[in-house]
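Next up: a single chain in structure tokens, the form predicted on its own.
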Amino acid sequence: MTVDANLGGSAEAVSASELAEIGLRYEVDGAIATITLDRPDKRNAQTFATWSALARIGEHIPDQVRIVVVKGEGPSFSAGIDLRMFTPEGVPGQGSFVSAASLGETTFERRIADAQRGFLWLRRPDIVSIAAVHGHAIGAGFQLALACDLRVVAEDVKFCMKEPALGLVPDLTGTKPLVELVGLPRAIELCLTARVVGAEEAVRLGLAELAVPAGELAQAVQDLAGALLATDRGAATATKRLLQGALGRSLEEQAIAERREQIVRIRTLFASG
């Protein structure tokens, strides 16, 4: 299967065989969808096809799904960008940064926007996304974890924002959540030193909600998903929407938003007829 690296693939649902070729697995079990990065021999390195497939999964998530879990197969969550993208040959059928550099401004920007679509949908108010992170979460891997609402990490986790050390910037929607979570000074320090953040520090900085032994990661994520699903879906969606908008509003504006959301909830629950 060849994904159009410029246009980000088709809008059709991606098949299991296509995902396998790209290095992804996607499963839906009731209200929980699980996306697994499945290139363990490459430490789940990401390519243009990875991002296109993630976007297509997001476009076709079934209505019953409330929780999306993102995890990695093998010893790492994701070691970041596939290093073949830095070579003239690139990734077969997908091109490289060398070929991308010759694109026109509009086409180049659209190509990056298409990649970002694979991350943006994980913040939708009607779902809660959980990154189950172990081992390396480098660059694009770190940004994929940051794209999720919540992060549960194993004690062996290694976060690192590697892009500046490679001459690039983090462009997969990771800069805003990083600043919101750790503050501007710490975000600058983490990005420009490209140092590794382990599990204990990740929890302390707010990059992770919980750190557990590696053998307990799956159960911890399952327990969290169960607790989240116990909340009414309409209330959960409205509350997440309120919280997401809070940073961009004044106190008065947030109060107005709260009133409007509550009116809908009360009418939904108690209005007759």
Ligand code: CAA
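On a predicted model such as this, the values are computed, not experimentally measured, just so you know. Each residue number is its position in the shown sequence, starting from 1.
Just so it is clear, the following notes concern the form predicted in complex with the ligand, a form of the same protein that is not shown.
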Complete contact of F97, I138 and K162 with the ligand in the predicted complex (any heavy atom, 4.5 Å)
yes
From the candidate stretches 64 to 72, 202 to 210, 241 to 249, 38 to 46, select the single one in contact with the ligand in the predicted complex, where contact means a heavy atom within 4.5 Å.
38 to 46
If you check A145, V157, A79, V152 against the ligand in the predicted complex, which one has a heavy atom within 4.5 Å?
A79
Going by heavy atom distances of 4.5 angstroms or less, which of L192, L168, I112, A101 would be at the interface with the ligand in the predicted complex?
L168
4.5 angstroms heavy atom contact with the ligand in the predicted complex for F86
yes
